[in-house]
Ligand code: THG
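Let's start with one chain on its own, the form predicted alone, as structure tokens.
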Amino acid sequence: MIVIAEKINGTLPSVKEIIQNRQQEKLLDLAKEQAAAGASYIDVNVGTGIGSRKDEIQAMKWAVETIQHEVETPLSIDSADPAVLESGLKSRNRRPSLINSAKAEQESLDEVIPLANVYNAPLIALAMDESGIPKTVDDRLKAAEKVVSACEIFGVPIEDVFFDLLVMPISTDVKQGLKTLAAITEVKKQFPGCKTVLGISNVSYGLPARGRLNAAFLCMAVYAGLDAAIIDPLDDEISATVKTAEVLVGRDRHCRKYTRAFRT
């Protein structure tokens, strides 16, 4: 399982303060903790909702350069703004990176997907377009088709695409989890070689005992074909669930990762 660590996010009050005040040591502590916990990528989102586009570009450059000076774990460069994404990718200077994210809107198709080719980086693509998050599995697949077409134009291989099938809170629609699971399975059938990713905690928003719901949903998603998860790797329950789910679906040869993790 590819684990994308989610804790460096400018919408969180503690991280917003770190970014605004350029608190280098605190930023490094967050990155180092997540790297030590086994993150495959450390997501870096510096969008605080305050300041201009130029401010966010400068903040991304600072954050990326600060982290990579001491942490070897690849970074997931996270922004809805193509200019901010490119700022982070340039700062990586060809180090392994993940682009988070594109979507099936024309501007994103034209400006974000080419970055995956230019910087030789895999890409998270949201299965949504100008009308928002599709309500049905078929419409999510149609959004994915637009992304695939653009990838073909710009020379991005399907193996470098992580489709985010966008789970919505089941507190607003109890069928949302099932729709997302079905979409994971179908997109992998329709586009062999592609990968899938989810922000797991979205499913439990607004409900009590969220950790239990997140863990159960993660197991189900792995069975459906999930390749990557955006999670907090410092959360013992969800990290244990990653190991548990992988061994149950046969991805863990001789159960070695599972036994090693629980001995530790």
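All residue numbers are counted from 1 along the displayed sequence. As the structure is a prediction and not an experimental result, all values here were calculated from the model.
Keep in mind the form predicted together with this ligand is missing from the figure; the text below concerns it.
When this ligand is considered in the model of the complex, L126 lines it closely, a heavy atom lying within 4.5 Å. Contact annotation for G199: at least one heavy atom lies within 4.5 Å of this ligand in the model of the complex. Heavy atoms of T48 never reach within 4.5 Å of this ligand in the model of the complex, leaving it off the interface. Contact annotation for D43: at least one heavy atom lies within 4.5 Å of this ligand in the model of the complex. Residue I230 is the only one of C219, L30, I230, L213 with a heavy atom lying within 4.5 Å of this ligand in the model of the complex.
A heavy atom within 4.5 Å of this ligand in the model of the complex is found for exactly one of V249, A240, L12, C255: L12.
Stretch 118-126 is the contacting one of 118-126, 136-144, 181-189, 85-93, since its residues have non-hydrogen atoms within 4.5 Å of this ligand in the model of the complex.
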